[in-house]
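Single chain ahead, written as structure tokens, the form predicted alone.
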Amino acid sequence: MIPRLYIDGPLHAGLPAPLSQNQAHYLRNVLCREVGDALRLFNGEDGEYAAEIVELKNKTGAALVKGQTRPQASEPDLTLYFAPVKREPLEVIIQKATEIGVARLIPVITECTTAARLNIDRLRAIGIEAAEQCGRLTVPSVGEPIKLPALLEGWSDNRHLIFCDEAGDDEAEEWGGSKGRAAPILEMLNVRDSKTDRWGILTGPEGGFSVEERKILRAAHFVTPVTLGPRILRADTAAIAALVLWQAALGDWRQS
């Protein structure tokens, strides 16, 4: 299989593209590639290009860009707003959200968030690696953490927010009882105007959203609460499930 790498810079046929130290190490010592071997390069803007390794040392490398193999294509404008969780499931969220096709990843600090300290550079690197592996032409951006009230107060665009709300309104009942339950996510997606092209999905922490957070979210005009079924999902599973259902109903999974 031809290695595929993300390049942080322009790609033009006939011109060289520098390889980072990590990329040179990966090609030379992990994949055992040599000068003359083929690559695929993309930068999120210019499409994908065939390339050939022309220099490969321990700390540096370069590739000669050849012809374009795929033009840049538009992708769904979908943002995942997620409460940070423990490292392993957090990295799963970043990796799988990238593969599914999310455009942006925004960590949201809620009342029950237990993993507020994040290595954003590490998360961005995971997104790049996943994009290289899955064949997409872009890399999702990873934003700095923002507190939930600030996110909602600063909401200024026409993006519609899907709130994954698994709780009910009766605090005396396990998981909130049956009162105040949200509608199934596919039921909501099937009646929404598919021409709405700016979407967000919000998932919570391991402990769920607080009563006050649920009230604030449900009162916002741009928010629609949904449920992901009769079982309580882990935070990472909930994020992946919601993204998959959105892509299948309104995203580019409908394209041949």
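The numbering used is simple: start at 1 and walk along the sequence shown. Computed from a predicted structure; not experimentally measured.
Omitted from view is the form predicted together with another copy of the chain, to which the following refers.
The contact residue chosen from 65, 27, 217, 228 relative to another copy of the chain in the predicted complex is 228, the criterion being a non-hydrogen atom within 4.5 angstroms. Of the candidate stretches 108-116, 143-151, 157-165, 182-190, only 182-190 contains residues with a heavy atom within 4.5 Å of another copy of the chain in the predicted complex.
Within 4.5 Å of another copy of the chain in the predicted complex, a heavy atom is found for none of 13, 20 and 69. When contacts are judged by a 4.5 Å heavy atom cut-off, residue 95 counts as touching another copy of the chain in the predicted complex. Looking at residue 100, you'd find a heavy atom of it within 4.5 angstroms of another copy of the chain in the predicted complex. Another copy of the chain is not shown here, and in the predicted complex it never comes within 4.5 Å of any heavy atom of residue 125.
Put simply, residue 134 is close to another copy of the chain in the predicted complex: some heavy atom of it is within 4.5 Å. With contact defined as any non-hydrogen atom lying within 4.5 angstroms of another copy of the chain in the predicted complex, the contacting residues in 237-251 are 237, 240, 241, 244, 245, 247, 248, 249, given in sequence order.
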